[in-house]
Structures are given as C-alpha cells and as structure tokens.
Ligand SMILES: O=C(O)c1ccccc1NCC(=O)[C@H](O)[C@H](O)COP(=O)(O)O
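In structure tokens, one chain follows: the form predicted alone.
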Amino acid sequence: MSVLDGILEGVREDLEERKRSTSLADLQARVRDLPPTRDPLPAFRAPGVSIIAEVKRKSPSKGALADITDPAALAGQYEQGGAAAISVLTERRRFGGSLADLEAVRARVDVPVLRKDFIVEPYQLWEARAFGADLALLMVVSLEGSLLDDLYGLAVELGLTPLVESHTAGELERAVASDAQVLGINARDLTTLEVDRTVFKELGPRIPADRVRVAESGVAGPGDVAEYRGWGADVVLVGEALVRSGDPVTSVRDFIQAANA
C-alpha cells in the first residue's frame, strides 16, 4: 500500500462518519443560504506571482509543523502580508485539520479560501461550499475514470473554482482535458512523499498559456518562489515555510517581493 492509499483509506472512513452526522440534504440547505463565492482568477492572473498561504498543522512527511490554536488569526496575518488566497487543510488524521478551521478562516478573511483535502466524492464538495470555500482541490492521482470530470462539473456548478493538481505528464494531460482554469503541479509525489521541485520546470510549460499555473510543495524560502516564477509559475502555494516562520506577515511579503523583483 502506498502512502496515498493509506491516506485515502482514512479519508473515506472519516467521510462516512461525517455522513452519518450530517446529511447531504442538510449541507444543500446550508449552501442555499450562502452568498456567492469569491473569484480567485483576477488576482491569480494579475502581473507577477501570487501566493496561496496555507494553514497547516502537520504533514505525513514532517509530522508536527506548528501549534496553530487560532487558524483564523493566522489566516488574517497571511492576508495582511498580501496573500492572494488562503489554503486550509481539512484532513484530520495526517494533517490535523478540520472543517471548523475552514469555517473560521472564511469568517475572518476577505480573500478566496481553498479547501485542501483528498476529495473523492461529491459530498465533500458540498461540504467545501457549505463551510465557506471558494476553491476546492481535485487531485488527478486519486480520481480515476470519469470521477475527475464529474467532480469538476459539480464544483463549477456550486460556484467553486477547482484547483486541479498533477504530478506526472499523464496526470497533467487529464487535468488539461478537464478545462480547469487553475492547474497545479505538485512537486511532491503523494505515493512516496518524495519532493522534486524540477517536476514543475518540466511540466509547467505543457500547461496552456490561458490557464493559471500553480506551483505546489518544496518551498523553503523566498528563493524557491523566485525560481518557480522563473519556470513560469503564476501562483505558488506555500505551507510549511510560512507556519514555521514565526512572522507570517513579513514572510508572505518576502516571498512576494522575491518572486516579483
């Protein structure tokens, strides 16, 4: 069993537990009363590099990263520093996140919010919308057959902007075919957790020019963001380096300045 297989097994178990406590009808009723989602594309397509700053307590590869007792306050600091969007990890077992984190962040910031999780069923997209997300992560590696297209279609129907993530050339072909406007290249191989930042250098140029190119993983400092920019990234998602920085406002500013110098 790969690392990803183990994660997905836990994700599905937790998902079944949430379904027993909250029905799909309850989520749909909640969504009906919500205002429209925020569109991240104007910021993502603006000149220079945009930063998606992540609220992330731990990871399978590094373990505990930061004791984030107030995710909303951290997100507010990211926004103050100039982040174009906030990513919130909602997976519980390996990342220490929750939908409560997503809801708290949504209530605090005005920029778009991404639900970052291992989304494998429509129910999770309804959750994302119900708890305040504007974007939802769809990982090609975990969505076989027509499931990617089905979830992409539902996300758009709900007003969510899909961030469709790839790690290999084959995955990227499927991502491009989905018509997603925001395409992520993850430097981390989720089956092994190994990181190779040059994956973006190889695959980024294969993304059509009219799509938004997002570089994910492998950022240790401002120089890495600048390098991603040199390889054609429009947006860089940063998690670990920010939650460990001790000064989120300044760190986000430093990343933006380094990339756009």
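As the structure is a prediction and not an experimental result, all values here were calculated from the model. Start at 1 and count along the sequence shown; that's the residue number.
From this point on, the text means the form predicted in complex with the named molecule, which you will not see here.
| query | Open or blocked pocket for the named molecule when its pose in the predicted bound form is superposed here, using 3 or more ligand atoms within 2.4 Å of backbone or C-beta atoms as the test for blocked? | reply | Placed partner leaves the pocket open.
| said: Based on heavy atom distances of 4.5 Å or less, which listed stretch (203-211, 42-50, 188-196, 29-37) is in contact with the named molecule in the predicted bound form? | reply: Correct option: 188-196.
| said: Would you classify F95 as touching the named molecule in the predicted bound form, given a 4.5 Å non-hydrogen atom cut-off? | reply: Yes.
| task | Please run the contact check for W126 against the named molecule in the predicted bound form: heavy atoms, 4.5 angstroms, yes or no? | result | It does not: once the named molecule is placed as it appears in the predicted bound form, W126 has no heavy atom within 4.5 Å of it.
| query | Going by a heavy atom distance of 4.5 Å, is I7 a contact of the named molecule in the predicted bound form? | reply | The answer is yes: I7 has a heavy atom within 4.5 Å of the named molecule.
| query | Are any of the heavy atoms in F131 no more than 4.5 Å from a heavy atom of the named molecule in the predicted bound form? | reply | Result no; F131 lies far from the named molecule in the predicted bound form.
| request: Identify whether the named molecule in the predicted bound form is within 4.5 Å of every residue in the set E54, S61 and L89, based on non-hydrogen atoms. | output: Result yes, every residue of the spot touches the named molecule.
| task | Could you list which residues of 230-261 come within 4.5 Å of the named molecule in the predicted bound form, counting heavy atoms only? | result | Stretch hits, in order: L237, V238, G239, E240.
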